[in-house]
Ligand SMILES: Cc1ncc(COP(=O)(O)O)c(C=O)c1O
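First, one chain by itself in structure tokens, the form predicted alone.
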Amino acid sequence: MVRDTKFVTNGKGQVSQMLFAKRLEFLQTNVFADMDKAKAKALAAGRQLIDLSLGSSDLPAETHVVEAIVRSLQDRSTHGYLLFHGTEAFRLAAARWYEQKFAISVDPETEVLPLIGSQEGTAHLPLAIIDPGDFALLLDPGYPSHAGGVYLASGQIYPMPLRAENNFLPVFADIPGPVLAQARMMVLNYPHNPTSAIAPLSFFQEAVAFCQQHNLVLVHDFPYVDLVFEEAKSKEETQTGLAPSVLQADPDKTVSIEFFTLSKSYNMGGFRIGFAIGNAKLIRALRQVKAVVDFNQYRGILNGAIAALTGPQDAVKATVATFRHRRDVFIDALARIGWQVPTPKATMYVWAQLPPPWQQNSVEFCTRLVETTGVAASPGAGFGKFGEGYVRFALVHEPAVLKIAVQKIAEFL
């Protein structure tokens, strides 16, 4: 790979050479950044934007959550740096929340770590695990920050293909031996972004056993823990929930770490607050990385998060019901224009296979769609090679707006 070179002129008119790290070569494109440019172009052309490209909830945080933050703002003692031990109340709340949901004990001192959003955690963790040249096993399609963190750690990526015929679950037996010999970590994410697939507990049990056998760290990104729409149909589902935790398959936390966020369940995306729960050594390693990057989130936001985790959970159920209704409205509207899409069981997304002639050019489809109609979606190719042929719609608008979006899509098609 040729090292990127930039030329700049100093104050004396002399040209000097500026070199950038090779790792930036892998970060030249990003699905959200690319669509942001296309959206800006559509706005400049006078289009009215309906943005279905970003999974940023349009629902507000609950009043008692906001009030806890407001009270904190009036408390001058919250205005300083917040070191790890100052996060004890939040870590305790996160541990109790997890224990109530999954019936697995968690040590808030050694097995919980506050994060500035779960994306920050998944991006930083490879720095604690990956040495240059090591492999990370990632889902393809998958969330972009998973790959970005590996590239920042100068690691290599082995994409685990997700195919509809396999219910968008990876096949571990297909991973080549030489790759496994150099692999250090595997990253999973169920309910899955972007495909909205759900993984059963039996799959996580297989993943844990595989990672134990091959000495891999098992990372589970779990932002959609509550955004599941279907009812349990079997005894196993009733006991574990339709969105099981990886730690239910690894209760001793031998190889696993799990990332949570308050962005989806509690509509706190802009507050950037999440946490990790898992193996104490992994938590300590991630804490070491964070120690040179940040001083944790503002205490007032942590107080709001505590209010969310420990307060009434009726709003979470209401959020789930809202996105279930939007899913049904959007799927029905697509069907009425002749675009048949499987009904997702979870998340806030619809993962739709593109109709002809767009099946091999999701980027052009999304670019032309937003430029022509103002409707923005995320191209499947932006989530990985095996996302090509699909498009992801985020259900982050009221049903009436979603219907208008589908009408515009129909006109475009």
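We number the residues from 1 along the sequence you see. Source: prediction; values computed, not measured.
One more form of this protein exists, namely the form predicted in complex with the named molecule; it is left out here, but the text below deals with it.
- When contacts are defined as a non-hydrogen atom within 4.5 Å, none of 229, 265 and 344 contacts the named molecule in the model of the complex.
- In the model of the complex, residue 258 stays away from the named molecule, with no heavy atom inside 4.5 Å.
- Proximity of residue 90 to the named molecule in the model of the complex: non-hydrogen atoms within 4.5 Å are absent; the residue sits far from the partner.
- Looking at residue 323, you'd find every heavy atom of it more than 4.5 angstroms from the named molecule in the model of the complex.
- Contact check for residue 351: every heavy atom lies farther than 4.5 Å from the named molecule in the model of the complex.
- This chain appears without its partner; in the model of the complex, the one residue of 244, 149, 278, 223 with a heavy atom within 4.5 Å of the named molecule is 223.
- With the partner omitted from this view, the residue of 189, 303, 196, 296 that lies near the named molecule in the model of the complex is 189 [heavy atom within 4.5 Å].
- Of the candidate stretches 125-133, 71-79, 95-103, 112-120, only 112-120 contains residues with a heavy atom within 4.5 Å of the named molecule in the model of the complex.
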